[in-house]
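Quick heads-up: it's one chain on its own, the form predicted on its own, in structure tokens.
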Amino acid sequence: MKIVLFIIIFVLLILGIYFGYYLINPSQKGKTILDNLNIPHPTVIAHRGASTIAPESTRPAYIKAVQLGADYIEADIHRTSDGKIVVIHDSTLKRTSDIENIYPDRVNKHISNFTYEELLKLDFGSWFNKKYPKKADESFIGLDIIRLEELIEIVEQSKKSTGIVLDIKDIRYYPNIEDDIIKILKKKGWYKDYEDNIDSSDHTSKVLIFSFNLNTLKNFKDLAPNIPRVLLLSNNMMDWQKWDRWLEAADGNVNGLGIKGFISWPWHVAAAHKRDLFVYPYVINEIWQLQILAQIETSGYITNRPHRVVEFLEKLPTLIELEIE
């Protein structure tokens, strides 16, 4: 029993020393990596817009996120049966629309089975009022699904230099969707073919591509190498043994990693930085999370509450000065 207790104490001591070293000496290379990509540091990414204030992935949520000062607004991308690129997180429509009333026999159908005109008959805002009555707003009733073109226009109508993050979903349902997206970006003037690499100083990274699918990101690399790419890792894709393997897979194919906040160990961040990969933790909504992640030098924050993150970052320089004094 004493031997077991000694082993446990010894392991905890080693972990404490290891963790403490990286807390005291975090890798600070993240800013340099983002500077080379013309991405703000630290990056504030509004996950589905300001999704705790207005219905996620809708026009009001994105407008509010832009107004609050998010660097990027994040949108999950799907394609309708008639080829329109639309913004919605889920693969089905039940959670965030009134499909049960409009198409009761199609409630569980994948969104790729619907035309854009069919989707326009649905209400994508009233569910929010029912779920969050204290935040309810009459203007949310009857909100339409938005297309990628409209997402871009929301940003263009603002004076702020906000970018967009496109999270590519359910790729098996959407062959060649990468081509469709690039065509829209080019048509809207949001992407140009550059001869130089993505660290060229003659353009700003207005678009980031996210995906859990590495092959999708490789396709974007071939089609549009100047757009930074982020590989997302979910819980079941990650454990401490797999981190090095994911770094090897990401190396040369993507520019950054998006990982769950509790996986953002400082040694993971440092190892990613050594390969010139930045790290974005998700979904970061609480102040205590921000305090920890700011200490270990993650490169940004994917959040449902951009207002909270922006306010925290505005105060951070003062907090650092107080610590120094």
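Quick caveat, the model's predicted, so the values are computed rather than measured. Residue indices: 1-based, along the sequence shown.
In what follows, reference is made to the form predicted in complex with SN-glycerol-3-phosphate, a form of this protein that is not presented.
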item	value
is_contact(K109, SN-glycerol-3-phosphate) in the predicted complex, heavy atom dist at most 4.5 Å	no
Partner contact for K169 in the predicted complex: SN-glycerol-3-phosphate, 4.5 angstroms, heavy atom	yes
Interface membership of L232, SN-glycerol-3-phosphate in the predicted complex, 4.5 Å heavy atom rule	yes
Exercise: V309 in contact with SN-glycerol-3-phosphate in the predicted complex, heavy atom 4.5 Å	no
Proximity to SN-glycerol-3-phosphate in the predicted complex, single hit among Y191, F212, W243, Y174 (heavy atom within 4.5 Å)	F212
Single option in K221, K206, R147, H89 placed near SN-glycerol-3-phosphate in the predicted complex, where near means a heavy atom within 4.5 Å	H89
Residue stretch of 152-160, 112-120, 130-138, 72-80 approaching SN-glycerol-3-phosphate in the predicted complex, non-hydrogen atom distance within 4.5 Å	72-80
Residues R48, Y282 and I302 all lining SN-glycerol-3-phosphate in the predicted complex, heavy atom within 4.5 Å	yes
